[in-house]
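A single chain comes next, written as structure tokens; it is the form predicted on its own.
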Amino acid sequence: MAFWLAKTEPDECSIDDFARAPQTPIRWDGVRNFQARNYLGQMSVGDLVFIYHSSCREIGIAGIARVSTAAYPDPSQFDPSSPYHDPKSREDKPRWQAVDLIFQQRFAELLPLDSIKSLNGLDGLPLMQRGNRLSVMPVSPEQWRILLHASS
């Protein structure tokens, strides 16, 4: 099993959206960064994902989802009415990936970014790198343990 962190704007998709329908997979789509896309392609069914709220008043890790499908071509890339449409992407050669995630756990309290920055052992976490804009990133088992412990 691998561990991940996925950033989302909570007005678009939040941990509350997952919790409202805990057995219903939510498509994680619209990723338009090649490195983040590559990470989506590495996800396997059963992997755990921290859901990180960004671009909002309270920034931080809100809970956990589980990968419920392996990566598949992101349908939004082919939809001209979608804000994630990519006219360069072709059905026979898709450029972008999506995965489905399912609710696992909502934290009692958000683990704020300021608290995350104060934790020891997270130096290699891409989230800690200045200017990092990746919406999907790997989390090592040790980093996962540190963040999970800090959330309780």
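Residue numbers run from 1 along the displayed sequence. Treat the numbers as computed from the prediction; the structure is a model and nothing was measured.
A second form of this protein, the form predicted in complex with the DNA, is not displayed here; the remarks below concern that form.
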{"query": "Candidate spot K7, S54 and K117, all three touching the DNA in the model of the complex (heavy atom, 4.5 Å)", "finding": "yes"}
{"query": "Any non-hydrogen atom of A70 within 4.5 angstroms of the DNA in the model of the complex", "finding": "no"}
{"query": "Contact flag, C13 vs the DNA in the model of the complex, heavy atom cut 4.5 Å", "finding": "no"}
{"query": "Partner proximity in the model of the complex: L113 to the DNA, non-hydrogen atom cutoff 4.5 Å", "finding": "yes"}
{"query": "K93, heavy atom within 4.5 angstroms of the DNA in the model of the complex", "finding": "no"}
{"query": "Partner-facing stretch of 100-108, 62-70, 123-131, 37-45, counted where any non-hydrogen atom is within 4.5 angstroms of the DNA in the model of the complex", "finding": "123-131"}
